[in-house]
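Below you'll find only one chain, the form predicted alone, shown as structure tokens.
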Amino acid sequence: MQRLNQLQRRVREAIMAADADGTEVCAASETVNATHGLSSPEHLRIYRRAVTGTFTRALGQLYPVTMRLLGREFFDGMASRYMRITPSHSPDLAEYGSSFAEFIEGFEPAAGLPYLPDVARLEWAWHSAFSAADETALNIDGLGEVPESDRDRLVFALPASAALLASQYPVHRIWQVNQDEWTGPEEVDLDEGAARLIVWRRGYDMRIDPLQDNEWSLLSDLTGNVPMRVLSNKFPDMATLLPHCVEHGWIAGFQLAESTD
């Protein structure tokens, strides 16, 4: 009698196999009873289709703009291929699909849409921000209580929900015109310029904010825990730039770096 883990491995291999009539399905079918006029392989193929459908629907919900750009049939075929080479390692489907953009980059049939991987990255950042834990705004009073002598040790942090995204394509515009509620022009000029974005959530308000060069540079440094003593030398306009970023909600916390003395 087969051990349970051996049986599970066989069924998993059958589900993930590229060929529904391949050796993996035949091997796993030996453990499945034929019933109601269906053979053992037919029972297993039904289960394969159910699992595939579950994962492709989950990816379609996470990447609706990507699916809209490709069409449902193309997207489902691509998602099915992704599922078979990138199995889930979590019981939560909301955690599945983080590497979908990287998969799209190497998926030759989608090569005609070079902006598509970055659209998918934007959608994953949106999903991650939506699912992130709630947090309060920057504690301005607490910041004001930091002694003058310690202010060069301040390290500011972006909201926990925030992700920075850079693309050579205007992916925020592509995302925008593919929303159901969009009523403006649907054409996007891919030559209109690159996008530097912060994707984040303030309460129930989801945000995709384009960034200027100095804003992007500062926020990028903040993700690397760069302290004020370094930032003040790097950004001549820090006296206005930092309050500007705080006002927009892009900075949500602070701590003191270890002293270098």
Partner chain sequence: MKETKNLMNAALAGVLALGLGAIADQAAAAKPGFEKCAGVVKSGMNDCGTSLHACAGQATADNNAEEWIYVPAGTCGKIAGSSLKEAAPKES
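Numbering follows the first chain given and starts at 1. These numbers were taken from a predicted model, which means no experiment stands behind them.
The same protein also has a form predicted in complex with the partner chain, omitted here; what follows describes it.
Participant: With heavy atoms only and a cut-off of 4.5 Å, decide whether D152 touches the partner chain in the model of the complex.
Facilitator: Contact check for D152: yes, within 4.5 Å of the partner chain in the model of the complex.
Participant: Flag S98 as yes or no: does it have a non-hydrogen atom within 4.5 angstroms of any non-hydrogen atom of the partner chain in the model of the complex?
Facilitator: S98: no contact with the partner chain in the model of the complex.
Participant: Although the partner chain is absent from this view, report whether Y82 comes within 4.5 Å of it in the model of the complex, heavy atoms only.
Facilitator: Answer no; every heavy atom of Y82 is more than 4.5 Å from the partner chain in the model of the complex.
Participant: Would N178 count as touching the partner chain in the model of the complex under a 4.5 Å heavy atom rule?
Facilitator: Result yes; N178 sits at the interface with the partner chain in the model of the complex.
Participant: Which residues in 86-119 have a heavy atom within 4.5 Å of the partner chain in the model of the complex?
Facilitator: Heavy-atom contacts within 4.5 Å come from P91, D92, L93, A94, F107, P109, A111, G112, L113, P114, Y115.
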